[in-house]
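Below you'll find only one chain, the form predicted alone, shown as structure tokens.
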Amino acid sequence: MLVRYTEWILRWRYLVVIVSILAVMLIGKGAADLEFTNDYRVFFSKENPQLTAFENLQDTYTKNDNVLFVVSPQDGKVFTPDTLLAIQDITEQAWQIPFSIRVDSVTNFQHTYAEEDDLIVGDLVEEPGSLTLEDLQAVKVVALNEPMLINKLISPDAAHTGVNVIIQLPGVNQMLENPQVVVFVRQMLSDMKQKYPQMDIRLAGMVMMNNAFPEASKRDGVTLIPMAFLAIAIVLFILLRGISSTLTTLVLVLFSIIVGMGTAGWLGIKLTPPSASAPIIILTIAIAGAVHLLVTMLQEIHKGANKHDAIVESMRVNFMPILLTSLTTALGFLSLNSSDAPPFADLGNISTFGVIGAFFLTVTFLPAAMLILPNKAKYRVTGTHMMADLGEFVVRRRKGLLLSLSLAVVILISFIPKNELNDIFVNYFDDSVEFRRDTDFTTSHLTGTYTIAYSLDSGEENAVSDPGFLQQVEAFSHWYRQQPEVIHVSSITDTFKRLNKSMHGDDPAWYRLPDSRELAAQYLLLYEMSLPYGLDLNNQIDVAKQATRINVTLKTISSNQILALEERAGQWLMKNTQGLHTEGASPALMFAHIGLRNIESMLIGTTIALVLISLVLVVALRSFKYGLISLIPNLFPAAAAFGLWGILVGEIGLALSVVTAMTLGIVVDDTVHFISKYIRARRENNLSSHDAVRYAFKNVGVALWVTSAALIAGFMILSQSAFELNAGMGLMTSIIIAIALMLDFFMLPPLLMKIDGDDNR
């Protein structure tokens, strides 16, 4: 039937090529609808409990999405008239940023003091140009001793300061809203740098991080995809040694990418940095089937067959293995749908579309095009003789290879426990990304990027002024300030203490919480009535005045340290407060939890993929024995690679949690092709196990190392991504594929000979 099918394809070759091109163009039209998403929340499913807690917090209080201008005067002195004038200017201009709802800086900090019996509330710095040295010193003392400012908007050495702008996007179309903010602030940054050349100004904050995601994706698309195409072209040309076969394969790869991305567009999938790497993955995977088909075709031509018969024979022996490997590869990628991070599910689905497209093009477009194009096959495929020698070596050294490789794999697997689950989400971007550089500077010199927020609920309306409740809030804030991971704690109790002092003639002895609920409520009312528009207390107290938010700013610490700190805080609340226990919420906590949650969810996906791939192999190979044997060199590579990673790196995160499932479907390809040829030699040619191994090396060995070399090259290019999730995934996948090839060449054949009796008929 395969022969008749191939004859039909070759007879109608021009029609097949034209229809293939039209089908690809039709599917590819969907790519025009592809959009990047620029919201870090896309990494979390709607059911994610940490995302739910964070959104509940943001619904109760003012949102925390922000842009932070980090200002560093070159003379290292913030409290000079010129610098304060610039800060005041940036503060006023920042109100013009689209969707800004609040701007905080040292100049507009609402300072309170007593004037006889009156409470005066006003900007800490009103007219910078008129300040005397004594005035500047007084402002500096207030700022450096104010808990709301120090380590948040002013550094302890008074060399760096920040202007924090809270952004509340409407959420109608964040793809337009977030860039609108970024374009404005970057223009504002440029203007301010020109206006104040004596100052270095940087941008940080969640809005800038959101913007960094699509920028990193687009940069990868511009740089890595052309690099991957070039690398694949070089590998193919060197190994196939033919222009037409190389060009046809590259066209097939391009068509497969168009099919994958076009289908994603038709289905409304939004691109993220992980899913935007799908073209590189499709590019590397799509060539596998084509290489197997072309290598066999070229080998048949060298045996003396004409091109038509060589294509027919190549399709006859390769169609089923290509179908089988496409199916197992697709199953591996589809298992990413069990990931708790939706971008990886999108990556799996887009790659699956590309793999399916590559299969159909390999068995339709490729044979038709190869018959049309000239191909004299002057040279043997690179490595043909080497593979024959390698097969002989493996047969001769089978026992030693099986023992030594088994031992090496066991030793590597023993190092898996050295890996520690860890993620630092700011480090998702490497140093080449401006956001990462500015954020690192901010963390080192001014304040942290990581936060944890708590909503402490008194359980009663207007009870936020209750002294008993305030004492518990104050105790929790004090506990947090003692923790070594903490940079800053923002608490409403600091405001109450400041108001109490001001209402007692600014006597430092009264810098403490009010003793009376009525008195505290009066202070709060008086203070709120004095605050200007946009600087109210909605970021700290809910509308019912029943609950208050404590915001903790952290150093850049690992996900394990964040989780440990959160647990300690929870235990402290349980032990020391009455009914105030609540979960912390923040993007940092969400990312800290996602790695472990994703590993747990991917265990299910990997298990399902393993079972399905095993069933496919057993059925397709028509042998329970060979089906099970084929799994051995496919399970070990990932385990051995994680052991090697434990020795060399020791940390795994969100990206690596999906690698095992994803590579399971890829590395099984080599095993399927090798065992298929081995079984064919045993069943059709009645060869001994030793000769069947020699036959498999001779007929499929070249294609295996060509496809593996292309895969490794492609994923190594992905490892150059500025986005760490893609880079880590690319590097680990390359290691796994390399180990898989080694096991397929040096462990699988001895295992087959051992199980089949080492006979040498």
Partner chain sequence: MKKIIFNIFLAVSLLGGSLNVVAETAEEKGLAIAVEIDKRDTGFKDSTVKLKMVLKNKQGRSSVRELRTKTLEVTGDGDKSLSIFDKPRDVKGTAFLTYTHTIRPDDQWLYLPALKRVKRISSKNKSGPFMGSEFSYEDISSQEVDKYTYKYIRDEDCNGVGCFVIERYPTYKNSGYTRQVAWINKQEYRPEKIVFYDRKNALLKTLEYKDYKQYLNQYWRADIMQMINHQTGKSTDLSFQDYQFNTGLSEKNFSRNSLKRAR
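Numbering follows the first chain given and starts at 1. Note that this is a predicted model, so its numbers are computed, not measured.
Although not depicted, the form predicted together with its partner chain is the subject of the following passage.
Answer for residue 148 alone: is it within 4.5 Å of its partner chain in the predicted bound form, judged on heavy atom distances?
-> No, residue 148 sits far enough from its partner chain in the predicted bound form that none of its heavy atoms falls within 4.5 Å.
4.5 Å heavy atom contact, residue 403 to its partner chain in the predicted bound form | Although its partner chain is absent here, residue 403 would stay clear of it in the predicted bound form, with no heavy atoms inside 4.5 Å.
Taking 4.5 angstroms as the cut-off for heavy atoms, does residue 525 touch its partner chain in the predicted bound form?
-> Judged by the heavy-atom cut-off of 4.5 Å, residue 525 is in contact with its partner chain in the predicted bound form.
Would residue 644 count as a contact of its partner chain in the predicted bound form, using a 4.5 angstroms cut-off between non-hydrogen atoms?
-> No, no contact at 4.5 Å.
Please state whether every one of the three residues 7, 244 and 255 places a non-hydrogen atom within 4.5 angstroms of its partner chain in the predicted bound form.
-> Answer is no for this spot.
Sole residue of 545, 680, 140, 581 within 4.5 Å of its partner chain in the predicted bound form, by heavy atom = Checked against the cut-off, the match is 545.
In the predicted bound form, which of the listed residues (223, 471, 432, 96) lies with a heavy atom within 4.5 Å of its partner chain?
-> None of the others qualify; the residue that does is 96.
For the chain shown here without its partner, which stretch in 548 to 556, 511 to 519, 443 to 451, 352 to 360 has non-hydrogen atoms within 4.5 angstroms of its partner chain in the predicted bound form?
-> Going through the listed ranges, the match is 511 to 519.
Across 125 to 148, which residues bring a heavy atom to within 4.5 Å of its partner chain in the predicted bound form?
-> Heavy-atom contacts to its partner chain in the predicted bound form: only 126.
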